[in-house]
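Starting off, we have a lone chain in the form predicted alone, written out as structure tokens.
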Amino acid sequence: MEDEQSFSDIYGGRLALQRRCYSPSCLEFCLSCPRITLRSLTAVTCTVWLAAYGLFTLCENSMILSAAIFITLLGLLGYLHFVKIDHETLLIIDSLGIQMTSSYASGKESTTFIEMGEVKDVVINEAIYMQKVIYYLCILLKDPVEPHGISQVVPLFQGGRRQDHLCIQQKVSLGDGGILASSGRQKVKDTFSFFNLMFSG
């Protein structure tokens, strides 16, 4: 079974979320993020080269123009290889674990696997970003030393941070889903059920 939903990221770009249910205990979510546009690429390139040309007219040093070209190329390669995410996949297998895969614009893929026994909770956290309050999913990992502690906070879907919190609240039943509101976060008793409720049609 497969369905698709559309959301908006913090920049207003379109996000496409596909939900695939392979079995009652296996779910997969694939988030497609907006691709880099020629307009934004041209704007950044022109800004860097105009600034370099302005410095060149003041200093009359041709090395500035050469440096601007190299900085533009290296910056673009670094952005495509380490920052710009095209697709994010979240594979959840009940009682086994959660696998997160990020596909970057350069073709690089990064995969992380978390055993279900290491998951303490799944929360909807909030953060302030450029005068905006954004909400995103996080996985809290158990601390092996302290039973009630948290060893790490793992954010999900970094390439497509959603700014609309209402669409999340409408998808989750606060009572029946076992979710409790607490200090800006929403706690979940059952990790697998949470994801099933969160993205179900």
Partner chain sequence: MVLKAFFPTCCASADSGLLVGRWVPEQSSAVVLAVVHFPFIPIQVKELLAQVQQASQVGVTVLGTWCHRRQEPEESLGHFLEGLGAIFSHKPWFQLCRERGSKSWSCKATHWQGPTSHAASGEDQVMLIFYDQRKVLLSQLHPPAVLPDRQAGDTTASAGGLAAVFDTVARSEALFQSDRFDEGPVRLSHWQSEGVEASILVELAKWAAGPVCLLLACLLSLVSAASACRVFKLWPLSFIWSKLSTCEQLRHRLEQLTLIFSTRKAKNPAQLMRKANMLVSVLLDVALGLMLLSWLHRKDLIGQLADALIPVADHVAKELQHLLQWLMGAPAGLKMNRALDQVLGRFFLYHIHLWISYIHLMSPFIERILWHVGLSACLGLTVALSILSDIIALLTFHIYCFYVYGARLYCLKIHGLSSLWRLFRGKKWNVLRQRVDSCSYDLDQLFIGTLLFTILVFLLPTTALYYLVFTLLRLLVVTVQGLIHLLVDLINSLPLYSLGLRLCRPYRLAAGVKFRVLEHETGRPLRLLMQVSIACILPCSSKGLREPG
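Numbering follows the first chain given and starts at 1. These numbers come from a predicted model, not from an experiment. Rigid core here is just the name for the largest C-alpha set that superposes within 1.5 Å across the two forms.
Not on display, but discussed next: the form predicted together with its partner chain.
> Of these, 55-63, 141-149, 35-43, 128-136, which stretch puts a heavy atom within 4.5 angstroms of its partner chain in the predicted bound form?
Comparing against its partner chain in the predicted bound form, the contact stretch is 141-149.
> Just give me the single entry in I124, I114, L90, L80 that has a non-hydrogen atom within 4.5 angstroms of its partner chain in the predicted bound form.
Comparing distances to its partner chain in the predicted bound form, the residue within 4.5 Å is I114.
> So, in the predicted bound form, is L96 in contact with its partner chain at a 4.5 angstroms heavy atom limit?
Within the cut-off, so yes.
> Does the 4.5 Å heavy atom contact test between C26 and its partner chain in the predicted bound form come out positive?
C26: contacts its partner chain in the predicted bound form.
> Using heavy atoms and a 4.5 Å limit, would one call D86 a contact residue for its partner chain in the predicted bound form?
No - in the predicted bound form, heavy atoms of D86 and its partner chain never come within 4.5 Å of each other.
> With both forms fit on the core, is the shift of the CA atom of G78 between this form and the one not shown 2 Å or larger?
It does, since the G78 C-alpha is displaced 2 Å or more between this form and the one not shown after the core fit.
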